[in-house]
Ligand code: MBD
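Form predicted alone, single chain, as structure tokens, below.
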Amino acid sequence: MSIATAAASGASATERFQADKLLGVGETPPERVSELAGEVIAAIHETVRKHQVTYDEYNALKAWLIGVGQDGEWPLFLDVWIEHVVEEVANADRSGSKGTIEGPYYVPNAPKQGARARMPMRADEAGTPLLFQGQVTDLSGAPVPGAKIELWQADAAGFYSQFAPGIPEWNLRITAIADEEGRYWIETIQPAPYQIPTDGSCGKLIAAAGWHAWRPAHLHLKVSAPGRQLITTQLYFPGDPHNGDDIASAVKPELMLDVVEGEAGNVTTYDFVLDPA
């Protein structure tokens, strides 16, 4: 199997973003652009003055910014260090289930299955079997029939299909459709913690700052239904050493799973509550 690199993963993430996200971007009024860009630039000016930034440090920043672009790592950088605050603002008024970041590795239109589903995976897929089950309801507690549950995750080595070589196209990606009671049962494997790519420019920042690159084990989800707000979230596993210092700052107490060990694998139940659209 070929080795995944930051540049290859970054290029895939950039290409996916340009294909899937830019179509929905509308024109922002010049006044809004001026306000936001002006405040960001002013904040950089203040940082330079406050810390007496030298030309050597300034040139190191320029070289790093160029490297991020060359590596295609802008989606990774923004989703790891910025997106959690955007998500916090965007979902501040939500009454139902908690959301968190999407991250750079979502792919739409994963293969559909019914309420009782099995995640596409390799015959020798590493990891403890996990039954992920639950129910989708509205704010009143009424079931949401036919809710769409999109689930994706990294493999045991920390790699995502379509962003690393040698992995089947839809490996560990699925769209399950809940039954008439809003219930679903998805067979998958329990993911492992992983480091974000460290051989590119984001890795250089991490090393220079003395940070770590770890994300705790997690499942990615998008849950939606007609007339309901889509929720994008991640769910985490108790006891993971990086739940408290996730590099992406995406862990919330409400997103922690309760995992029960069984003879054939682990079982976890998580219910989603969708806000009205």
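Keep in mind that what you see is a predicted model, and the values were worked out from it rather than measured. Don't overthink the numbering: it's just position in the shown sequence, from 1.
The form predicted in complex with the ligand exists for this protein as well; it is not shown, and the discussion that follows is about that form.
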{"query": "The ligand: the contacting residue among G182, P191, P104, G72 in the model of the complex [heavy atom, 4.5 Å]", "finding": "P104"}
{"query": "Candidate site A115, A117 and S224: all three near the ligand in the model of the complex by heavy atom within 4.5 Å", "finding": "no"}
{"query": "In the model of the complex, L76 touching the ligand (heavy atom, 4.5 Å)", "finding": "yes"}
{"query": "Contact test in the model of the complex: Y160 vs the ligand, heavy atoms, 4.5 Å", "finding": "yes"}
{"query": "Touches the ligand in the model of the complex: R228 (any heavy atom, 4.5 Å)", "finding": "no"}
{"query": "Exercise: V80 in contact with the ligand in the model of the complex, heavy atom 4.5 Å", "finding": "yes"}
{"query": "Answer range among 137-145, 201-209, 96-104, 163-171 for contact with the ligand, defined in the model of the complex as heavy atoms within 4.5 Å", "finding": "96-104"}
{"query": "Heavy atom within 4.5 Å of the ligand in the model of the complex - qualifying residues of 198-222", "finding": "R215, H218, H220"}
